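As structure tokens, one chain now follows by itself in the form predicted on its own.
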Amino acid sequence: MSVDFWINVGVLAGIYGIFTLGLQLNAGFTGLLNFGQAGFMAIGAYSIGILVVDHGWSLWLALPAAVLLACLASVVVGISSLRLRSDHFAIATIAFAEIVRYTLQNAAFSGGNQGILGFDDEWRAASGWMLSKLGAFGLGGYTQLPLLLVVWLSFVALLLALQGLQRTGWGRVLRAIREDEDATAALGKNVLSYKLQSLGLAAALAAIAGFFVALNVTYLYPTVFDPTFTFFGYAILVLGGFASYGGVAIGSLVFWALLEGTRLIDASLSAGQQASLRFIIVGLFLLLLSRLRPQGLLGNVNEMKVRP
């Protein structure tokens, strides 16, 4: 097992961690079954690529613009679908994510299936500078180490910010909506407004995750953003525990250590069989965990009570 391999696993875990923080805010704290997170991530990533390559923007200026565009998209989706029942809202968000993916796959402005290249020159320069500094500690040979550090520093900062928000009155209203939105509305709270805010913040987190995905793959193409990304996020929620931001960190690390670590199993199998075996192992682990600790690794059993 090379150090580079596990650094790449750490990068994936950090990116999915940022992505899943938004799902935790929606599903764990607001009661929104958002299955369109991959769509918001695609909007963020492609916005950065298009602004940098086609319009000459700085990468660092394109990031906040991409976050804003993802938030605006969440408002459009939310206004048109948040009044639906939770299961219907989930279906609507899946449809949204697929609309985004197929649009990017066929539109000229996104490069279609050819994708977008050449948006990461500024990151390469910054990464090279960081590697020169890390060289003093004998770490200059690990090319993905700067991305690992930036991803996890961002994840920790975002996690602390969300935990702080959750302890405010705003966060308590979100919990109240999750428990009983009719009672919350009867107390004079604008439930739709709070749901839109929760969805918008999750979209912003997805756009930031998309930024790091773009830096990691260095090439944007539509199949990166298929619905699997969102379902992996929910698997991480199950592992770490609902309504636990710390559980997102642990869940993402465990999930990716399992999923990627099983690549190292030495078996006389074809590539397809090896991939199937990896998912079987992860699935069995999830089943075992749901039996022994259904609230997740850091979840609270009280969060699992039946909602009205």
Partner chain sequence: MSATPTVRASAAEDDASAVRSRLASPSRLTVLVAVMAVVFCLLAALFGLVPTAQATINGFVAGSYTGLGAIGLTLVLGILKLVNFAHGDLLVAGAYFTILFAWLGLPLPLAMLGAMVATAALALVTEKIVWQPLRQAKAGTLQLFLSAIGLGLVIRFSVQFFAGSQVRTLGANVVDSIALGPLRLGTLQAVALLVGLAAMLLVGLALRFTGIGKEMRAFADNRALAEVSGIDTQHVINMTWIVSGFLAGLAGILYATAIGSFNPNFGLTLLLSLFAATVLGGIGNAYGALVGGLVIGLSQEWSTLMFNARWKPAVGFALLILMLLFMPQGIFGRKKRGS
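Quick caveat, the model's predicted, so the values are computed rather than measured. Positions refer to the first chain, counted from 1.
The following text describes the form predicted in complex with the partner chain, which does not appear among the structures shown.
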{"query": "Full three-residue contact with the partner chain in the model of the complex, heavy atom 4.5 Å, for Ala90, Leu269 and Leu284", "finding": "yes"}
{"query": "Candidate from Ser154, Thr103, Ser127, Asn216 lying within 4.5 Å of the partner chain in the model of the complex - any heavy atom", "finding": "Thr103"}
{"query": "One residue of Leu117, Leu139, Ile99, Leu72 in contact with the partner chain, assessed in the model of the complex (non-hydrogen atom, 4.5 angstroms)", "finding": "Ile99"}
{"query": "Per-stretch contact check against the partner chain in the model of the complex, the hit in 74-82, 139-147, 117-125, 208-216 (non-hydrogen atom, 4.5 angstroms)", "finding": "74-82"}
{"query": "Residue contact check: Leu277 to the partner chain in the model of the complex, 4.5 Å heavy atom", "finding": "yes"}
{"query": "Heavy atom of Tyr234 within 4.5 Å of the partner chain in the model of the complex", "finding": "yes"}
{"query": "Heavy atom of Leu33 within 4.5 Å of the partner chain in the model of the complex", "finding": "yes"}
{"query": "Gln273: touches the partner chain in the model of the complex, heavy atom cutoff 4.5 angstroms", "finding": "yes"}
{"query": "Residues within 4.5 Å of the partner chain in the model of the complex, restricted to 133-150 and counted by heavy atom", "finding": "none"}
